[in-house]
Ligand code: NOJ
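What follows is one chain in structure tokens, specifically the form predicted alone.
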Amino acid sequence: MKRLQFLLILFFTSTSVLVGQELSSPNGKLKMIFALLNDGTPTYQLNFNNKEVIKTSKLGFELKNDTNSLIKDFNILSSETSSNDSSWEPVWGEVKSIRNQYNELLITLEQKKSNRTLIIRFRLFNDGLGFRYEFPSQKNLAYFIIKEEQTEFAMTGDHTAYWLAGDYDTQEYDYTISRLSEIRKLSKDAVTPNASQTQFSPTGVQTSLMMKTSDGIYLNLHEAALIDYSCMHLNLDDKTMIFKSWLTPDANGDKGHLQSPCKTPWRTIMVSENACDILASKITYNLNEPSKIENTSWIRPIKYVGVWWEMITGKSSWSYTDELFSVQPGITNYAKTKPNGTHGATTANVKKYIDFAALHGFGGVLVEGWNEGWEDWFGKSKDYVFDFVTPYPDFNVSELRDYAKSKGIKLIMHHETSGSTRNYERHIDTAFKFMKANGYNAVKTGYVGPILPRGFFHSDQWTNNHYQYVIEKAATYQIMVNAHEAVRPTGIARTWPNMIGNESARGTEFQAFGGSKPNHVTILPFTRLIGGPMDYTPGIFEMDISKLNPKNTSRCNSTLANQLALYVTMYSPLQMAADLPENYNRFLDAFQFIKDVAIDWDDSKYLEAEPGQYITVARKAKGSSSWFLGNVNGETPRVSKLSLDFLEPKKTYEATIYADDKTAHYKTNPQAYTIRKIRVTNKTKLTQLSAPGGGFAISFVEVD
């Protein structure tokens, strides 16, 4: 069989290829073949363990208003190979040190007809491939507009895919699991009726795209270092099973405005025969540049509570009043309006959260709905813009600043931009100065609604540049950023580690908007979290939302033990205990795990995983001998059989196991859990049940 494959490569080379070059991964399991077709079209192919996983796929660009697009008629001007094997330490992360080992092939192409040069840089790691385009400074390609990037990913079969339908404005969907050939049929049911996907192909999907072949190979397609460029979606030709990149357009339909010298984001392909390797891969971070922030001492992981879930469920409101009395547009006279009595961000209520955070050892309190404008934005004007510094009459900024400081608590600011990016940029310096003056060192930004100016999308080049501007501006004020409704992350947190969290996916809030699939959290680490941590806001203990708001009949499709496990399986240096303090007070024994679990790690071990079914991961707390383990499960009850060989040899640990009761079920009995303590070593074998929509969480503390 090996000889047959070799001959096929020779046949391919002799009949349809002018020049070919090979690149192997450091361990030799992956091989990438670059070649020019007879018409000068650049292509690549990827093999894993001598078996094709990406068939011959074309590379290039179609340019706007240009007859000489960068698609064919190329010659190889030069090629260079190099290797790298180094390590770097993240400011925060799943591991203390990250190894960056790869072999590189740099191909310089010349298009003689246009007298243009295009560079393609390939980096082959042990767990996947990254490649990008580079445009050196040149007379005949100075300013140019991308009509479409023509990068292909040719599949070898009708794989099982875990996908979100293409949408330029949101990733807040449940995942669909299907064969690639079924995407067209299912895509209409996978988006909301008003989704911007209506301007996109019915076979379009978002990245990070997770797939599994019929012979058990796991593939993941994504991008890294999305800077000054449009977000990449993938458009499937379901007859040939070829994905082609599809960039988010701007208001004019253009896919990108570039000026040489410049480069694109990396296109990434992860490959493994073990699903755990996909979860553990650091390709996305390794393809980003090192930190540009020299002094990172102010960037600190934080566990927090907040005035948020009570508004999400409808128990409280963001706005101070439900009616307006405006003396002129944008200026509300609150003296002539009546408070609605449901406002959440009151001085008294925030103090309760500060007290709860201080009592239980949390570091921060998030407050949403503190500033003027919410009643206008919700009810009167879709174009309302905030000023980010004017509080409601019942929110005393200086009093809460001093009270939080006296309790050792940091308040977390909330900036809802309502999608008005230009307005936020106009106010951002004033807003950040206001934050620093009042003791805030972290901000949660929001981009709910259409992007203003109109015609732009949440993931186009122009809006991506806005997000980057906010991150870099925040760094100058030593402010950490947690962006919601922004573009999905692509490892930029390595370069700008003050980007401590993102949402950019269907988070816990949707449990109060009708619910999410119980297996949702077994897919997110394979997809959304490939690019960086998610502010998923876990920790819901009361699953029946009607007990908070009788008008809301939603349910949280999870068991309580599953919610505990999320603090380990859904990695983030920013972790919220999202439920109300009174619900935690009902289950203080289970709440102990949320208090104990770390948020920064020296090591992480993925023990077992299957997308859509289950994930089990163990992590060692930063600077500690303690370990924490989490398991989340899909809809089918399951028994995990685990070896604890990740624990340090010759040491004994007390394991506190928070698990589903045998009667637990996410629909019928979600709050049924058990807690038990046992002594274990690295030779212990553990067997543990997970209920439907359930899981378990374990803390391991060293004992004498």
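Numbering starts at 1 and runs along the sequence shown. This is a predicted model, so every value here is computed, not measured.
The next section is about a form of this same protein that is not shown, the form predicted in complex with the named molecule.
Enquirer: Quick one: find which of 617 to 625, 271 to 279, 149 to 157, 308 to 316 has residues within 4.5 Å of the named molecule in the predicted bound form by heavy atom distance.
Expert: Contact criterion met by 308 to 316 only.
Enquirer: Can you work out whether residue 416 and the named molecule are in contact in the predicted bound form, taking contact to mean some heavy atom pair no more than 4.5 Å apart?
Expert: Yes, residue 416 is a contact residue.
Enquirer: Would residue 94 count as touching the named molecule in the predicted bound form under a 4.5 Å heavy atom rule?
Expert: No.
Enquirer: So, residue 579 and the named molecule: in the predicted bound form, are they within 4.5 Å at any heavy atom pair?
Expert: No.
Enquirer: Taking the shortest heavy atom distance, is residue 602 within 4.5 Å of the named molecule in the predicted bound form?
Expert: Taking the distances in the predicted bound form, the answer for residue 602 is no, it never comes within 4.5 Å of the named molecule.
Enquirer: Give me the residue from 588, 142, 437, 448 that has a heavy atom within 4.5 Å of the named molecule in the predicted bound form.
Expert: When the named molecule is considered in the predicted bound form, the option within 4.5 Å is 448.
Enquirer: In the predicted bound form, which of the listed residues (444, 244, 267, 343) lies with a heavy atom within 4.5 Å of the named molecule?
Expert: By the 4.5 Å heavy-atom cutoff, the listed residue in contact is 444.
Enquirer: Can you tell me which bits of 348 to 377 touch the named molecule in the predicted bound form, meaning any heavy atom within 4.5 Å?
Expert: 368, 374, 377 sit within 4.5 Å of the partner.
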